[in-house]
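Next up: a single chain in structure tokens, the form predicted on its own.
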């Protein structure tokens, strides 16, 4: 397929609007992506014509909705290269997926004095669940340090693993710096010591080709809204053997097989971890989003986004007032930076008035901000519907901000 960004942009209704009388420039894709019309229409059509609870009805709509949902599970299984639909658990998003693993895996496998490894790059959602587990179980949280470029210290990582290490949990891509972590190597090192690995794929899924069987990760978590699907839907992939050993995370609804006041037995995978009514509309819209991505081609997307990253980085490096935080050799299409002498919130507010959406603050990654001695950054993050022309508009706006404050 020939990549035509102007044609692509027509698929996203949100890009047609103006902000403060100016054409919207949306550079906040790491926080959430915009949605193509096919995704919006799929969600709308479910509630217009197919709305029904799944797995529980003999009537036509219930059967249709159930079939559609399970077909979506099958498609997602194929999209990420899982071995079985039993390994595809629907959740609200990456945060719930990580909490599920921390709670359930932790209940089964973590004991006093055991160790859990995370990295200095992590989003709070991949720190706090493990901290809480460590407090509950009197376990130890160990942290992989980051160098000045924003890359993990892999030698330090190797030395952190001991006979008491029970799980490693790291991001595929840093939401704060854009660093693409060497997850293949991270998994290999952990597995050499028989330690399972969870990958936080919130940022990875929309920028990189993901095949969980080739990666051999034990868990991979991602959110729909980061990959052009609605908010409130996500996926936890887990190896079937591990999921079978883990106890239920929540109870009620589809996760049960039989209930009596004497004893309850639990459903088979994946339903054991899907208590209550699922977000069926979100699941179907997620399937549509993944089909949309596949039609374009994730390799095409990655190549185009790298062009945007290279172009924007070169422009910012020519501005002496700008200091880019995180200069990893392998980066996703995200740039985090500070303007010397200008608070990130002030700059972000002015950019907003100029029609440009960026993210300011610590990006739910305070430990990495502390590592670099700052309280936050301005962050621009690109998707395949962004353009070099938008980057030019942004750079001109940034020059206006600098003139105002310096």
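Residue numbers count along the first chain shown, from 1. Predicted model, so just to flag it, every value in this text is computed and none were measured.
What comes next is about the form predicted together with a small molecule, which does not appear here.
Proximity of residue 206 to the small molecule in the predicted bound form: non-hydrogen atoms within 4.5 Å are absent; the residue sits far from the partner. When contacts are judged by a 4.5 Å heavy atom cut-off, residue 275 does not count as touching the small molecule in the predicted bound form. Of the heavy atoms in residue 195, none are within 4.5 Å of the small molecule in the predicted bound form.
Mapping the unseen interface onto this chain, residue 368 falls outside it, with no heavy atom inside 4.5 Å of the small molecule in the predicted bound form.
Residues 339, 348 and 401 are none of them found to lie within 4.5 Å of the small molecule in the predicted bound form, as judged by heavy atom distances. None of 211-219, 154-162, 121-129, 288-296 except one has non-hydrogen atoms within 4.5 angstroms of the small molecule in the predicted bound form; the exception is 121-129. Among the residues 270, 281, 93, 248, the one placing a heavy atom within 4.5 Å of the small molecule in the predicted bound form is 93.
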